[in-house]
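Starting off, we have a lone chain in the form predicted on its own, written out as structure tokens.
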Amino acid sequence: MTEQKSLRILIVDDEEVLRDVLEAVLRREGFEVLLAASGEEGLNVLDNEEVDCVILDVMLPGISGIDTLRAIRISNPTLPVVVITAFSSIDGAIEAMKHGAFHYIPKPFKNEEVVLTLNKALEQRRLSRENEWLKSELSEKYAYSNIIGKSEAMRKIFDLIRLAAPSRSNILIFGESGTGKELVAKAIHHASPRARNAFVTVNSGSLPPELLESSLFGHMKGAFTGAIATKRGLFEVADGGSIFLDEIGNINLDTQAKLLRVIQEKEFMRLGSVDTVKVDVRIIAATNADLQKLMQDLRFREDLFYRLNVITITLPPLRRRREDIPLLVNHFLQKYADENKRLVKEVTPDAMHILMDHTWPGNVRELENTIERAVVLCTTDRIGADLMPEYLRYPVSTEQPAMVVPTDGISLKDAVSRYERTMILQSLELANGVQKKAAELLQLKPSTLNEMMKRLGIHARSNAGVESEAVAE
């Protein structure tokens, strides 16, 4: 059995008979219907469910219909609300219109009138969403404005985006952490025929397996402890558009199998359901992992790899396109000067020399963080070398031994500990104190880094910075 996708209507009314009548009418018209007997219950449904329109009674016990409407407008200003009211309460309906209701229907009403008003509200929302996407498309200019580069390597990336975007093929983006994989995915989506529909991002590496599966495919009420209501998954939200699966290499094998079915059959089942949901979604996946190695270790399915790897885009690390550094520096300088209302106009030659010489293991993200920090700390209109982080001004040489063995000997264990401490402090500063990002820079598991920090007496600050000796200038 295949579940047909339909628009979802929430009916909020304290009269059970009226709810039943409206539900029957709307289900005959092909709508999916959710019910609530009070304003409190209706707001709770909206917190847990995706809804396309609300039918709201003005006269409700507890939270009034007007207060419920105000709360909806705050949390979801574009959601259309049709109010219904007794003829004697027309003043309340007019007040509801002032607070943003789409229209009102007086009781008693004709079924055809409800359906007609509802369809008009839904059409207005569709046009509004389409207009938003068009504005986004124009302002983003297919998101190319956020991808900075004139190097030969980046020109090839732009060419690949232009060629790949119009197709329906799945795309796999390779690149080190911080190279801009999500920006490229957005550019592909905005340059594609799907640009007017949703672009949904999923960080596969940040969610535990059971939560990732629920997020992707949705769940039915009661499917597991805490599933208090039926919830649509992100694949349903992305229907007609694109879904960006970041860190695809971190998905477990069970979820990989379900992902493969979505690609092959264009359908899936919510957790706890026996019905299938049909979707049309383009998958753009990204990873900084070696998928070939993961396949050899039987941690990534070969069939899924070949389904995803139809078009491959490999982003170059920043150290391999150094000619783009001045462009990126100027872009981030202007961005953070505007955001922080600073009159910073340029970077001094000495500071630029330091920026050009660094190897940028954190890539564009590391450079962006460096410029943001410098702009915030700058008290003039120029960023000088003194505003560069200490690890950039005094880099540890990788070409010469960092230490020599003195004639009277040295403790290798102590020397290694000091070197480990230096590297961890530098990585924490690069990652703004976020241990998970620091672990990625050092190619360590977060748990391993945490154990090393405890052993070496390194304490991360709660405000996302690192201990004072790591950031002191």
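Numbering starts at 1 and runs along the sequence shown. Keep in mind that what you see is a predicted model, and the values were worked out from it rather than measured.
The protein also exists as the form predicted together with a small molecule; that form is not presented, and the subsequent description refers to it.
Trainee: Might N170 be said to contact the small molecule in the predicted complex, defining contact as any heavy atom within 4.5 Å?
Mentor: N170: no contact with the small molecule in the predicted complex.
Trainee: When the contact criterion is heavy atoms within 4.5 Å, does M154 count as touching the small molecule in the predicted complex?
Mentor: So M154 counts as contacting the small molecule.
Trainee: Is E236 close enough to touch the small molecule in the predicted complex, meaning at least one heavy atom pair within 4.5 Å?
Mentor: Answer no; every heavy atom of E236 is more than 4.5 Å from the small molecule in the predicted complex.
Trainee: When the contact criterion is heavy atoms within 4.5 Å, does T179 count as touching the small molecule in the predicted complex?
Mentor: Flag for T179 set to yes.
Trainee: With the small molecule left out of view, choose which of R301, K266, R73, R365 has a non-hydrogen atom within 4.5 angstroms of it in the predicted complex.
Mentor: Flagged contact: R365.
Trainee: The small molecule isn't shown here, but in the predicted complex which of L328, L271, V114, A289 has a heavy atom within 4.5 Å of it?
Mentor: Of L328, L271, V114, A289, the residue with a heavy atom within 4.5 Å of the small molecule in the predicted complex is L328.
Trainee: With the small molecule left out here, work out from 78-86, 212-220, 241-249, 373-381 which stretch has heavy atoms within 4.5 Å of it in the predicted complex.
Mentor: The contacting stretch here is 241-249.
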